[in-house]
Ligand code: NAP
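Just one chain follows, in the form predicted on its own, and it is written as structure tokens.
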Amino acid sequence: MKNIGIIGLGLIGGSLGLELREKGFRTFGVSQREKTRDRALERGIVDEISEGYSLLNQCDLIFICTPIEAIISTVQDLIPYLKPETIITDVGSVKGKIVPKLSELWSNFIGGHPMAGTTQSGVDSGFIGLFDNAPYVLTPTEQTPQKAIDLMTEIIKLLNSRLYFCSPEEHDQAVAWISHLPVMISGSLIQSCLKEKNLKVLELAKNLASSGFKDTSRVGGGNPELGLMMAKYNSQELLRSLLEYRENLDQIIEDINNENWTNLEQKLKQNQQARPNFL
């Protein structure tokens, strides 16, 4: 039985703890907040938890589930407490600025990204089943030990996730399109609605909002910190996708302005045909 460490007991970390304990692993957590430590034990997320990192010296694998900006510094602080064979992985949604640095700091590091989530956060947000049939990306480099790849492959299969391998650069390019860009577009939708100057119309829009608005605004109304970190740490690829999106939006505006309904219909048909390939 492997001992699993988890730093960051929010949605992803909490769900990992619940899932892995159910699969028979012993889980160890770290949190600076006493309320979080108490609640994590109460919910059964971890077997043991402490304020400091020394508890994790018995772990075979440690998940870093902190916000993106804290991943590198967390590993730096953690390293003095680890046994040399311990494997470290992260769950950050950006890999290009994380993987090279952590691979230098710790030879047994492998980058990871479970593509699962909700709008909830905090120690009460995790639940069993979050990772079912969700993509889970690993971004090993040429220096990544095979034992790290093998252990993470085993864990991901136990989580019932769909495993994918790619380079850190390919990961960031892909998630810019299907994760980071949608957050910015969805947020822009909400911002645009709020600019309606007729308060009666704005109130009516809020009352009439249904599944269409709910679906398209969900990720834009999520964790602001996460959205900011996406933009900050994957800015180059996000800007590339945003510029392409703006170009396509300008074409739609031009079609409507020129009453070019044939062009617009063709675009909408292409969208209808292409969407299932992304789902």
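All residue numbers are counted from 1 along the displayed sequence. Note that the coordinates shown come from a computational prediction; the quantities given were computed from them, not determined experimentally.
What comes next is about the form predicted in complex with the named molecule, which is not displayed.
> Which is the contacting stretch out of 220 to 228, 250 to 258, 237 to 245, 55 to 63, given heavy atoms within 4.5 Å of the named molecule in the predicted bound form?
Only one stretch passes the 4.5 Å heavy-atom test: 220 to 228.
> Just to confirm, Arg33 within 4.5 Å of the named molecule in the predicted bound form by heavy atoms?
Yes, Arg33 lies within 4.5 Å of the named molecule in the predicted bound form.
> Using a 4.5 Å heavy atom cut-off, state whether Ile87 contacts the named molecule in the predicted bound form.
The answer is no: Ile87 has no heavy atom within 4.5 Å of the named molecule.
> Is Leu20 part of the interface with the named molecule in the predicted bound form - any heavy atom within 4.5 Å?
Leu20 lies outside the contact set for the named molecule.
> Against the named molecule in the predicted bound form, would Pro80 count as a contact residue? Criterion: heavy atoms within 4.5 Å.
Contact with the named molecule, no.
> Going by heavy atom distances of 4.5 angstroms or less, which of Val91, Leu138, Ala176, Val75 would be at the interface with the named molecule in the predicted bound form?
In short, Val91.
> Would you give me the residues of 43 to 70 that have any heavy atom within 4.5 Å of the named molecule in the predicted bound form, in order from first to last?
Read in sequence order, the residues that approach the named molecule (within 4.5 Å, in the predicted bound form) are Cys65, Thr66, Pro67, Ile68, Ala70.
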